[in-house]
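A single chain comes next, written as structure tokens; it is the form predicted on its own.
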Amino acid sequence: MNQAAEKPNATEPPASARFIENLKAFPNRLADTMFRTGRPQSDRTRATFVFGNVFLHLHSVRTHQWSLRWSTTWGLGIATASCFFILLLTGVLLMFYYKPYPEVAYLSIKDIHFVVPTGRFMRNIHRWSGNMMVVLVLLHMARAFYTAAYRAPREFNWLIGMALLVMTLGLSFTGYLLPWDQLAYWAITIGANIAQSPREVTDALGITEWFDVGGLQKLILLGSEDVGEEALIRFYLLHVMILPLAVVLLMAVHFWRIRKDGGMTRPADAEKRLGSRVDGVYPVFTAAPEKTYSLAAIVKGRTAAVGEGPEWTLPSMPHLMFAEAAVFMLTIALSVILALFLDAPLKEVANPAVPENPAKAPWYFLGLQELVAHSAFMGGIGIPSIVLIGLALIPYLDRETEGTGNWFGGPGGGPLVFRSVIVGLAAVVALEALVIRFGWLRQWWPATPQLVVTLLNPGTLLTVLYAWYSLWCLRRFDSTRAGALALFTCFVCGFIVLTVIGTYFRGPNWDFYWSPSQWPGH
């Protein structure tokens, strides 16, 4: 046996020294093994850095300069996603102390609020991030609509965005019950009654005994006839597991489709408006390729990137990543500021024997509650279903191209939207003033059949008025886009006014008061 072969090389340092050197090189070696392409120092390695990352590959490797302008999107989509990630983090921290049982749920919230270190702060961040997410997803949808970002090839992604809106409202609604206080208990009771509202129709038709779809919906929602232990555990599982998983999946598809559909929507003359390219920052396609290819044939592709060159684009790394990081930091800062100065509400423990008066739903459902006061079925299910179906059909009914990528683009443009704001506000304010001052059919003619009250109520009348105005704009401008602009704007105005009235001007027994100081004493 050759003993010399077993001895280490005389020129190599001893094993102890090599161990120390390897330990010192560990951080750089770890980075090299994490990022297989090395440091992104050239345009090609930056593209590979994005494309080869399991998270970043949802982005395109290059981003158009128009998409990097703040006025293009205002960062609303990224801000919404940022709120969701903040909610995930703070929600996990709160789960360590929360107990989803009626006997101890309220006490665990009080412990979080008053005993657990930084517990109140974490709950405040969670509360306000949830509210911010609802606001931001609504604003993001409005931005996509007003810039016609739903048009081909982005129709399906508009539907994914609508699903995300519904999931966001579902997350907020299911989380509302978890504190198990009076505010939460009676708000969810209102929601359960809305789910049961089809009985308004089936009772009038006399078929509830055989076809009780309202009762079935309430049973599925609560797990029983009343808000109790079954409802709390269902809402908890929906809030912490089922809905977050659905949002993560839909969000991944949403971002992926943005990339596959050609990036953000932009006007046809976007390059002309930009004026000049940002040249010399990162030259296009530096560094020699590492592979060669042989083509048997060249065919024209069908993706949105066909015909687009890289001249007006910049590497997503670092330009887009820095912009997203800035939005993320701003979103965190706003959540923290709100959490420092505004505490999440916590009322008395839930008591089914002492109803809240007025019992109000979460603020984003107060517009519906205002309509529900006249007809539970039409206000809570009928009109929202009509609105959702209409929003889903918009991309498939508006096949025009004029104004794509422009704010309020299309026939009529900004002046049409301004007139629609006036019409939308005037109609809802006038109708609400009439109802508040003089009542409605049931007050005028108490014997009015229930089906008539259901079908002919302020909500349905307002919907008909908005639809009529939309059709008039469609004919006036000979444009589906003009009709959609008018209808969407009117419904936004109606939603805002009804929400404000339900939030600030409805008191005990859902009567109208200019100020809470006018509420009757107990």
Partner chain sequence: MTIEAKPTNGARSRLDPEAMPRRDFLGLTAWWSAAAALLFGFLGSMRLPKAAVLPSPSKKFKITLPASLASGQAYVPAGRSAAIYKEGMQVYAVSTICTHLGCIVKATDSGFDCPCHGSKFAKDGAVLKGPAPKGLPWIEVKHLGGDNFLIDEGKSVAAGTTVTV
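Numbering follows the first chain given and starts at 1. Model, not experiment: these values are computed from the prediction.
There is also a form predicted together with the partner chain; it is not shown, and the following applies to it.
- The chain is drawn here without the partner chain; in the predicted complex, the stretch among 348-356, 125-133, 248-256, 142-150 whose residues come within 4.5 Å of it by any heavy atom is 348-356.
- Of the listed positions (Ile109, Ala376, Ala79, Leu87), a single one reaches within 4.5 angstroms of the partner chain by any non-hydrogen atom in the predicted complex, namely Ala376.
- Proximity to the partner chain in the predicted complex, taken as a non-hydrogen atom within 4.5 angstroms, holds for one residue of Trp180, Phe235, Phe365, Trp186, which is Trp186.
- Although the partner is absent here, Arg273 sits far enough away that none of its heavy atoms falls within 4.5 Å of the partner chain in the predicted complex.
- Interface membership of Ser316, defined by any non-hydrogen atom within 4.5 Å of the partner chain in the predicted complex, is ruled out.
- Among heavy atoms of Ile194, some come within 4.5 Å of the partner chain in the predicted complex.
- Put simply, Gly223 is close to the partner chain in the predicted complex: some heavy atom of it is within 4.5 Å.
- Not one of Trp158, Ile383 and Glu400 is positioned with any heavy atom within 4.5 Å of the partner chain in the predicted complex.
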